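Take a look at this single chain, the form predicted alone, given in structure tokens.
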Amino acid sequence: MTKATLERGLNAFREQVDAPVAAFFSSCVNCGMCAEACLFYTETGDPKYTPIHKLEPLRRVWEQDYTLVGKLKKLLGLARPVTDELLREWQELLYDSCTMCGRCSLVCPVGNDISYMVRKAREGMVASGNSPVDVQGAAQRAVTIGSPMGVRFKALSSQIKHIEANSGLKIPLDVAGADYMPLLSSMEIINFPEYIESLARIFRQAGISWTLCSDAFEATNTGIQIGSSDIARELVQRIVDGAERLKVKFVISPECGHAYTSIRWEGPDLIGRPFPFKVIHILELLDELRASGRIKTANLSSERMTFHDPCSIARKGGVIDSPRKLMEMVSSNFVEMQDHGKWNWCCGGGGGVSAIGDAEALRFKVFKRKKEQIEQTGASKLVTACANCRLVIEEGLEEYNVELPLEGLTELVAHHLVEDA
């Protein structure tokens, strides 16, 4: 790293020290409660994974540049500087071992949002050249190709033709004036295309006016994951441009946790203006359709099922009641995990962790917490509402030689529609 690159990173850290960050660092009592809420600490016992410790580079910049005591330390040569070596060492702590799940923020006795500060700290890591190479590649593909997995519209178009030919359903594309515009993640297009078919099946029964957008279908925002507001802003703007071109009333966030966070909560702030449309998560929409009687199900399954709450959707987004009401539409034997809803344990792969090759061994190690949580329910099927969670959990269960079928909740609802009973 050059001196100029380091200084650029330090300036980025300085720019991220806003009023909340300053208040959080000032009020931290170093109680360590955040450690017990983080699966990277609970499953390793290593104190370096304590969430507040992961913020040390940002904390040093705050102290040395914005506090009287820190400035005096710096003047007297007593301050510990933020160096190239420190940032290289902290890459593992700010990326490999943090999913930004927010569980640590939930337990903080003084209300510090540690997840918020990690998101801020990643901005400095990107500017200093200390973000993971794997996530850099995903971000580059998202900007240049339109998808972090390199999925172009041609691949989506191929999936649409396949679904239409095999199901007889119509997947509308670029229909101006439609009410709803669903977004998709790359994983749903490539790994779980049944999600697209399920949307078409449900919307047909509900009489929904909807359309996909050929130049704004990707919901995954790697800018949020890597910690670059510039990239995040560009990716959000693409969606806004597509929605405005088609004049839709609603944009539907898919079964993807951080995609929901980026488009619903961070999106308007990133582009600097309100959206001319409303953002709604697919589970919120399905629950509305349930409540209004526009979709009906039959033949509830007696199979013992449990539900994994994706962190960004439940803990950060508050979508907790909707999936449970939807589970009642499909199952007569639904059981909760011991910790569920806003207290659910992360799958261990969010926040870009699943894309980091160097983090794989650690990710599998800490997955033990999720595995035990699932097994305690005695369920024979796991349901979730995030394609990334689904893939990470499938890989984790395979690592531990556990056979347990997984299904997305949207697909499950589609399978139990009255017209398909």
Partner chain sequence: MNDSMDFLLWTRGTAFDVAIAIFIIGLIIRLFEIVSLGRERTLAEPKGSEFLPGVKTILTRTLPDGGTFKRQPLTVIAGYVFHVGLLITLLLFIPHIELFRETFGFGWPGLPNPIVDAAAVLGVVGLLAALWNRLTNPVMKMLSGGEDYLVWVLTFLPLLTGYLAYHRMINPYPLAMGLHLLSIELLLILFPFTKLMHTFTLFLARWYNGAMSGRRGVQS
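Numbering follows the first chain given and starts at 1. Since this is a predicted model, take the numbers as computed values, not measurements.
The same protein also has a form predicted together with its partner chain, omitted here; what follows describes it.
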Inset, instruction - Mark A361 yes when one of its heavy atoms lies within 4.5 Å of a heavy atom of its partner chain in the predicted complex, and no otherwise. - result: no
Inset, instruction - Could you confirm whether G318 comes within 4.5 Å of its partner chain in the predicted complex, counting heavy atoms only? - result: yes
Legend entry - Contact test in the predicted complex: R273 vs its partner chain, heavy atoms, 4.5 Å: yes
Legend entry - Proximity of D113 to its partner chain in the predicted complex, heavy atoms at 4.5 Å: yes
Legend entry - Three-residue site E36, L106 and R264 fully in contact with its partner chain in the predicted complex at 4.5 Å by heavy atom: yes
Inset, instruction - Let me know the one among E328, D269, E288, D179 whose heavy atoms come within 4.5 Å of its partner chain in the predicted complex, would you? - result: D269
Inset, instruction - Report the residue, out of S209, Q338, S214, N299, that has at least one non-hydrogen atom within 4.5 angstroms of its partner chain in the predicted complex. - result: Q338
Inset, instruction - Look at the stretches 199 to 207, 168 to 176, 328 to 336, 307 to 315 and give the one with heavy atoms within 4.5 Å of its partner chain in the predicted complex. - result: 307 to 315
Legend entry - Contacts with its partner chain in the predicted complex, stretch 24 to 53 (heavy atom within 4.5 Å): F24, S26, S27, C28, V29, N30, C31, G32, M33, A35, E36, Y41, T42, P47, K48, T50, I52, H53
